[in-house]
Every structure is written in C-alpha cells, then in structure tokens.
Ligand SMILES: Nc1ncnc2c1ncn2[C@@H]1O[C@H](COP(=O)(O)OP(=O)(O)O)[C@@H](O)[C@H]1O
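Take a look at this one chain, the form predicted alone, written out in structure tokens.
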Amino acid sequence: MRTIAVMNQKGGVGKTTTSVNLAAGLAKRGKRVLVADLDPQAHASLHLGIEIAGDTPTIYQAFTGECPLSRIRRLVGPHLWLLPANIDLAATELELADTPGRELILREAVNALVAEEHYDYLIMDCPPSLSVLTINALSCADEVVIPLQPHFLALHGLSKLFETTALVTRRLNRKLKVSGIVLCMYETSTRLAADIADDLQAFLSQSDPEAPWSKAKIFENRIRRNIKLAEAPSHGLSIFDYSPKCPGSMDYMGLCDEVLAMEATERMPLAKAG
C-alpha cells in the first residue's frame, strides 16, 4: 500500500481539493483507495458528501482509542473509502498532550486496519498547520505530496515544509520522502507561474542528495484555475463526478496517471532482477 500525506502548512493552496480528487481519480482507475480526513474542518469529508451528525464515529475516536478504523471507514464510491472527521478532531492536540507515543497513534491504527483489509492507496488530507495530526500523518506516510500555488510567498514557505519532513525522517519515520509537488491554481497566461516553476526545479536540482526531498518531482500536470473545482465540494462530489469533461477533471486525471506511473517505475528494477 502506498501511503501519501498531502501536506501544506499554508491554507488555500488546493490541499483538500488535491487529496480528494487524487483519491477519486485513483479509484476511477480501479485502485482501492482510503482517504483519511485529518483536518478538524472536515472539508475532505464534506467534499465526498459526508457530514457527521450525532454519535457517528469519526477518526477522532481512533485517536482516543475508542474505536478501530474498521468501524469508522465509510464507502463513498466504487473502490473509494473515507475515514471522516468533524470538529471534535480539534481537541486531539490538548487531549493527547501527555500520551506516550502520541505521534504514532495513526500508524498503529492503520497497521491494524490493513492487516484485515487490503488497500492500494491511503491518501491523508493534513490540516494546514504543524500539529500532532500532521506529525501522525507524516509518521504513517511513505510519501509527501505538496500542493503549491505558484507565487513567491508560497515558494518561500516551502523550506519550512521541507524542514518538517526532515525532522520527522530523522526522529520518527526513516522511510518518509517528498515524492512530488503539485502546482495548483496555475495560470498558463502569466509569466510568474512559469518563473516559479523554474525556480522550484532549480532548487530541487541543487538539494542535498540525502535530503528526503532530493528526488521530488514537479508533476507535469499543472492544476489550472477552474471554477468547477471550486463548485464540486458544495455538491459533495469529486470533480470527476461533478464535471467529468472540465479542465480540472482532465488535470487531476493526468496527475493520477503520473502517480500511477511512478509506482510502475519503482517496480521496474525488481521485475528485471527477477
């Protein structure tokens, strides 16, 4: 199972949109995909048509040890499951403050789930902050995908994201790496967007080869500004179900195919060796 944390400490960059539509696109390609909503705002859950009410268990109950993930997950589409969230998740920072091993709670819960059920992908929508929820996601993940809006301030904050992944790699999760950067809200008509992409590529090419982001790629499929992407969450639908022929749908399906191609590339040397 590939475990991907979609992360950016800056809000409004397309993080939840990328989490949901990457997951939905992979499911459309026949992969078994589990989405973990780790944001107390529960936007990924709402985007997939789930609004928690009453005593329905959420991923918060997994962090408190009240409920296993197998009882929390919800089927939201063919090959697509969701671990929903609600505002209760905001209490985890305080409630887990004195809990030993609190950074590894999600990893252990996921390991228990996948011992019973097979998934090809786990996509985790992280909150826009460096919290115990984000650290749990990074401790559980194999990869980090970073949605980035192509302007100067977003690029300036990228170093903080890289520092965070390096810290988690050293202390909690040696296998963690930044596998890719998705340029969102891309405007093909502006020179700035192209300049930022060039600067980002230059930075990555000069990185320390031992850094967890040294092999990160800038995905070729840029996610263009598209009003349909903004409309889809209010209908509780992925972009593929809301407007399957719009530019946003084409861009995200292209991104999904790139992610799948990375998997095939990683397996190729093993196949040859056999």
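Throughout, we count residues from 1 along the sequence that is shown. Computed from a predicted model, the values in this text were never measured in an experiment.
Only in words, not in the display: the form predicted together with the ligand, which the text now covers.
Enquirer: Tell me which stretch of 204 to 212, 220 to 228, 64 to 72, 237 to 245 has a heavy atom within 4.5 angstroms of the ligand in the model of the complex.
Expert: Going through the listed ranges, the match is 220 to 228.
Enquirer: Can you confirm whether K28, G30 and G254, the three residues that make up this candidate site, all sit within 4.5 Å of the ligand in the model of the complex, judged by heavy atoms?
Expert: Negative, none of the three is within 4.5 Å.
Enquirer: Does the ligand come within 4.5 Å of any heavy atom of L176 in the model of the complex?
Expert: No - in the model of the complex, heavy atoms of L176 and the ligand never come within 4.5 Å of each other.
Enquirer: Using a 4.5 angstroms cut-off on non-hydrogen atoms, would V259 count as touching the ligand in the model of the complex?
Expert: Because no heavy atom of V259 falls inside 4.5 Å of the ligand in the model of the complex, the answer is no.
Enquirer: Is it the case that M185, even though its partner is missing from this view, gets within 4.5 Å of the ligand in the model of the complex, heavy atoms only?
Expert: Output for M185 is yes: heavy atoms within 4.5 Å of the ligand.
Enquirer: Is P233 a contact residue for the ligand in the model of the complex, using a 4.5 Å heavy atom cut-off?
Expert: Although the ligand is absent here, P233 would touch it in the model of the complex, with heavy atoms inside 4.5 Å.
Enquirer: Considering only 1 to 23, what residues come within 4.5 Å of the ligand in the model of the complex, judged by heavy atoms?
Expert: The stretch 1 to 23, when checked against the ligand in the model of the complex, contributes K10, G11, G12, V13, G14, K15, T16, T17 at the 4.5 Å heavy-atom cut-off.
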